[in-house]
Structure formats: C-alpha cells, structure tokens
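Starting off, we have a lone chain in the form predicted on its own, written out as structure tokens.
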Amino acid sequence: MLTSLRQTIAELLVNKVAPPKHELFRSRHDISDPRIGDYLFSYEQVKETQINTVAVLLSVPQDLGVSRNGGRAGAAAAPYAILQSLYKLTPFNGEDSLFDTIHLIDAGTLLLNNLTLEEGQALQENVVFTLLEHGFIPIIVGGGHEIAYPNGAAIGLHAMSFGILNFDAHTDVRPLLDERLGHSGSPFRQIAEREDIAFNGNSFVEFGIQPCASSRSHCDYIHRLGGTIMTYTSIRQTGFHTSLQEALRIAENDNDALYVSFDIDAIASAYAPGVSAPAAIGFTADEFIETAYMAGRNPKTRLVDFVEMNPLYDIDNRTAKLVALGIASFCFGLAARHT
C-alpha cells in the first residue's frame, strides 16, 4: 500500500528531513486535468497497489561547496523553485500516463540548518543509502554539485559495483582545498578516492566537457582512473544520440547500478540562464530531456541528481521549469521500463 510506503519513508527519515511544503502546490481540484502535485499529496486515498517502482524526491538545499569553490551562491534555493514547477506539470506526455506503472513520493527537505558542509554530506549519505537499501529510486534535487559526493558514496556502499555518468560542462575532479576541504568542484575525486567503496574508474564517464572549461591535469587524472571523457566538441562531431548511447553503455557495463548526475550548466545559457556557472555554448533543452528520459529507462539507473540550478539568476523561471521537465522525463523513462 502506498500509505504504508509513505509511512515507511517517514520512519526512515525522522529527524533528518523536513516534510514537504504543501504550499508548493495548489490543486485545481479538476479530475479531468490532474497535475503531478495532485498525486503526491493524495496517498491516503490510495488502496492496494501492485506497483513496485517507487521514486523518491529528496531536496538538498546545499551550496556551501559552491561558495567554497569561489562560485556564486544561490543553488540552495533551487529545490523549492524546481518542485514548484514540477508539481504543476501534468502526468501525461501525450501517449502515456506517468503513474500507471510507477509512483513518486516527495520525502521532503534534508535538514541542513547549522551544519557544516561535511556534516551535511554525512547526513545526506546516510539518508540516500537508506532509501537505496529499501528499494527506492532516489531523485536528489540540489543544490550545488557538492551533493554528488555523498550520493556517489551512498550508491557505492549500496551496490557491489556502479558506474557514473556526469552530464556536465566541467570535470569536477579538482583537488580538495588545503587537502581536506571538499567543494562543488571536487565530488568525483572524493568518490574515486573513497577507500570503503569499490569505485571502478573504467565506468566513469564525463559527458559534455566544454572547451576551455577543464585543465589538462584534471583530464589526466580522469584518464589515470580509466575514465572516459566525451567532450562537447566530440559529441557534436559524432552526434548527440549516438554519443549518449555509448556513454550509457560504458557507464553501465558489468555494473550492478548506475548513477547519473545532471549539472545544469552543461546546457547552453540560452536555455538555462539560472545556473551557478552559465555557459555560452552547451546542450539544448531537448538534448537534456532526452538524456533524462534515457537515464530513467536504463534498468541499471538507481540514483540521479539535478544540480547547480540557481534561481537567483533565472529568467521567468525558465531554468526551474526545464529542470522540472527533466525530472518528469526521467520518471517517464522509469515508467517505460515496464512497457
């Protein structure tokens, strides 16, 4: 029963996560025109269900790592803006209804008040690991890219083997500051060097790295790990769809699980102006939506996050709406696993 599922999540996350803000969504109360938010807040009306796929939204309002990395703050406010847009969307894509084969639960917002970045990351790792261990598919809504480190650690502790696809303009394998302080530019180095997880560098794919956005030393580090760098230039030469299929193949190959991290600054600022580090070039909105859908459809994908959206610099909620559609597209991909 969905009611018991929600109760289970509440018990797992007590004192760690604030419940979802119901003011995020105002229902139209129109049964002929339901929205995603209508489904999220009506579980008490649902009886028996045979649906096994349950995705859980977890908001992580964190951008201390962005500031520590010299970036512009504001990504901590992104989850509210993104979910506001998500809940207004209809659960129908013109062909399929989203909740015929999956369910989506909002677990709420990680309680990070008065915590250091390291304390918040430890809390996040524990919560995400708990969700994974209980069979849920976490959708983590950030926040800066520093939230990728605890996500990668959680799936590394959960799965026997895992791959990572980083949809990004930057490599995000910078060294720690003072050799001890992580930040928004270091998450994948931290994952790779975490000693208690079996990280396989051969299954690490950097997808969309832009010209003049990474250093030679950072690329050399990835190659030493055995990782694959698909630059934005090479993707344009090969073709986006073909490159994406190859990236997913490498990241999932011989692994139990796949973690996909979506850094919104990989999208051209013409489509996504509200990000921490806007780019003059980048992927189109349609390419982002395709990637989110394909990530959801891949049966090995067990965890995704959406990071670096910054509402302080958005225009008419354009970026928040795009990320919301990306989350919905990921969920439609999940639903397509059952067709």
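Start at 1 and count along the sequence shown; that's the residue number. Bear in mind that the values here come from a model prediction, so they are computed numbers and not experimental data.
The discussion below concerns the form predicted in complex with another copy of the chain, not included here.
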Listed residue that, although another copy of the chain is not shown, lies within 4.5 Å of it in the predicted bound form (heavy atoms), from Thr90, Thr116, Asn253, Thr242: Thr90
Partner-contacting position among Ile197, Ala159, Ala77, Cys219 - heavy atom within 4.5 Å of another copy of the chain in the predicted bound form: Cys219
Non-hydrogen atom contact Ala10 with another copy of the chain in the predicted bound form at 4.5 angstroms: no
Contact flag, Ser203 vs another copy of the chain in the predicted bound form, heavy atom cut 4.5 Å: no
Another copy of the chain contact at Ala285 in the predicted bound form, heavy atom, 4.5 Å: yes
Contact test in the predicted bound form: Glu193 vs another copy of the chain, heavy atoms, 4.5 Å: no
Another copy of the chain in the predicted bound form reached by all of Glu23, His103 and Ala292, non-hydrogen atom within 4.5 Å: no
Listed range touching another copy of the chain, judged in the predicted bound form by heavy atoms within 4.5 Å, from 225-233, 159-167, 125-133, 142-150: 225-233
Stretch 180-214 - residues with a heavy atom within 4.5 Å of another copy of the chain in the predicted bound form: Pro211, Cys212, Ala213, Ser214
